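One chain comes next, on its own, written out as structure tokens in the form predicted on its own.
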């Protein structure tokens, strides 16, 4: 299970202001805390900056890399920002993201190939966001075919089934769970990733919805996740669920987490 720490994201409360101020110590601490709590990659996202994303993303890359020895997830739809930041990355990165939209695919693909990056592929094409799991699976299939035809290894592809709020449509959570299960069955060898928190947008007690959604998604076949590793209950549920699914040999990871005080009930 690959964990991408989500906290360095300018859309989160208070992060944009710290980014505008170029508060390096603030971001160093965010990176350190996420890695200490189990992040395998550190997400860096300046997407809300209308102006200056290229400079801000390269600045963040430099700050985080000087602080922790973990790969980065460059989270931007902007090929220019990605192209500016990628040469500064010391380890192989994950790019989030590419879609089936012609312009975006053609803008991001050369960077994926040049830097041999892992790539998050969103279930979107030029028709927009599919409204059910069958259409999303069709988009995912087409994306995997296009990426592999262009030389991207299957193991480097992470399909994102697109989490949308339950508050907009009560079927949005189920559509993602069905898409994950469909991708796992029809596209063996690819990875499946998602950011959980959008599912609970607009609802009270959001953490409860996110935690339940994580358990269901893991059961359907999710094998990578973008989340807040500082959420101890979320990490506890992740570990317990993986153990129940037979993904933890002899329950070693679970027992170790208990001994280390990382499990919360």
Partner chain sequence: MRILKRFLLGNKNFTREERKMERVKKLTQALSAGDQAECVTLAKELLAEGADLDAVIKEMTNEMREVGKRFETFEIFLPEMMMAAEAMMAVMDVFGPHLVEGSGVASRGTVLIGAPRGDMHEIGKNIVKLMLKANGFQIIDLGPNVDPLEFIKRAEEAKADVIAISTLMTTTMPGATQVIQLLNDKGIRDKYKVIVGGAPTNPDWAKQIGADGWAEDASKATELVEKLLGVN
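Residue numbers count along the first chain shown, from 1. Note that the coordinates shown come from a computational prediction; the quantities given were computed from them, not determined experimentally.
Omitted from view is the form predicted together with its partner chain, to which the following refers.
Engineer: Based on heavy atom distances of 4.5 Å or less, which listed stretch (126-134, 111-119, 189-197, 88-96) is in contact with its partner chain in the predicted complex?
Structural biologist: Selected stretch: 126-134.
Engineer: Name the residue from 66, 216, 203, 32 that puts a heavy atom within 4.5 Å of its partner chain in the predicted complex.
Structural biologist: Contact with its partner chain in the predicted complex is made by 203 alone.
Engineer: Looking at 107, 173, 182, 77, which is the one with a non-hydrogen atom within 4.5 Å of its partner chain in the predicted complex?
Structural biologist: In short, 77.
Engineer: Spell out, yes or no, whether the shortest heavy atom distance between residue 38 and its partner chain in the predicted complex is within 4.5 Å.
Structural biologist: Judged by the heavy-atom cut-off of 4.5 Å, residue 38 is well away from its partner chain in the predicted complex.
Engineer: Verify the contact flag for residue 101: yes if a non-hydrogen atom of it lies within 4.5 Å of a non-hydrogen atom of its partner chain in the predicted complex, no if not.
Structural biologist: Output for residue 101 is yes: heavy atoms within 4.5 Å of its partner chain.
Engineer: Does any heavy atom of residue 47 come within 4.5 Å of a heavy atom of its partner chain in the predicted complex?
Structural biologist: Yes, residue 47 lies within 4.5 Å of its partner chain in the predicted complex.
Engineer: Can you tell me whether residue 167 touches its partner chain? I mean in the predicted complex, with a 4.5 angstroms heavy atom cut-off.
Structural biologist: Taking the distances in the predicted complex, the answer for residue 167 is yes, it comes within 4.5 Å of its partner chain.
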